[in-house]
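What follows is a single chain, given as structure tokens, in the form predicted on its own.
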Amino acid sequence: MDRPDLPPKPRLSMTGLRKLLSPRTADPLSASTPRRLARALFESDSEGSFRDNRGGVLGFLERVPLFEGLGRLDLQRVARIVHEREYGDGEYISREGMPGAALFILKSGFVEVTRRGRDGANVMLVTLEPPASFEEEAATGMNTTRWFSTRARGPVSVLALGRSDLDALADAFPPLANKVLMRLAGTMSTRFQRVLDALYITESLEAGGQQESKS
């Protein structure tokens, strides 16, 4: 319940979110907004990371929060449909401004999340570690455009899960596909709420700075 002495939290559509992420007038707080949002978006993925890669794909999936609660048989079925991809240092996994193609789960290595600045140069927002995941909406079939790029820092291995993979899973194992979709929806909802909270804090700081400059 909102407190009467505080301004209401912003209610943003995806269009409104993209507008806030676009370049704005030059001031320190506005310029830092994409970095704040990226950190809020991936904050839980950077905590408790692991680098023990024993057990192959199945052993890895057992420790991925996105698939928490799935039994071993279900995880074996998921392991059969994901695609393992390797990237070299500096190689892009996804690019800003392009439509999302698949959900990516970082299996080993480090991934930098970047965004183009006003001068066209890439600005590093946050570094991801295993088992971070990104672009969940692409696996659900949502036609969204990426607002950030991701590139490998050193050798990187990721697991990719596309919409066609989930469709195939739904044809063969409908209950399992429903579980995965529900987990994806829950992850996306949690992240969106964290982004809204970060925006609320940022906008409150900007409003406070404007009031101080007028006084």
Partner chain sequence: MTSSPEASVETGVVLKRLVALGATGLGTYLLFELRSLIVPVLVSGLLAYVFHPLVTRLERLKLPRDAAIALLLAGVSLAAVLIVNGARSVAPSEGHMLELRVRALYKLNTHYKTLMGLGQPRGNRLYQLVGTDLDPVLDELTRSLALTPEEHAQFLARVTPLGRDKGQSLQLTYDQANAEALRKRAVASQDGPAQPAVMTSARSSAKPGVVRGILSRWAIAPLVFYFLLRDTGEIKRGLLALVPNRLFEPALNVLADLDKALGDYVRGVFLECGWLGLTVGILLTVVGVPLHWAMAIGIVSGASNVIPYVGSAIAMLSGLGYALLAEDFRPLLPWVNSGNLALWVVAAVALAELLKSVIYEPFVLGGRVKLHPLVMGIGAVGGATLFGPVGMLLAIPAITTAKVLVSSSAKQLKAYGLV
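All values reported here derive from a predicted model rather than from experimental measurement. Numbering follows the first chain given and starts at 1.
This protein has a second form, the form predicted together with its partner chain, left out of what is shown; the following refers to that one.
*Asks:* Is there a heavy atom of Tyr87 no more than 4.5 Å from a heavy atom of its partner chain in the model of the complex?
*Replies:* Yes.
*Asks:* If we define contact as a non-hydrogen atom of the residue within 4.5 angstroms of the partner, is Arg146 a contact of its partner chain in the model of the complex?
*Replies:* Contact with its partner chain, yes.
*Asks:* Is there a non-hydrogen atom of Met142 within 4.5 angstroms of a non-hydrogen atom of its partner chain in the model of the complex?
*Replies:* No.
*Asks:* Closest heavy atom of Arg118 to its partner chain in the model of the complex, within 4.5 Å or not?
*Replies:* Close contact is absent here: in the model of the complex, Arg118 is far from its partner chain, nothing within 4.5 Å, heavy atoms only.
*Asks:* Considering Gly186, Pro155, Gly59, Pro174, which brings a non-hydrogen atom within 4.5 Å of its partner chain in the model of the complex?
*Replies:* Partner contact (heavy atom, 4.5 Å) among the options: Pro174.
*Asks:* Who in 159-189 is close to its partner chain in the model of the complex, meaning a heavy atom within 4.5 Å?
*Replies:* If the 4.5 Å heavy-atom criterion is applied to its partner chain in the model of the complex, 159-189 yields Ala160, Gly162, Arg163, Ser164, Asp165, Asp171, Ala172, Phe173, Pro174.
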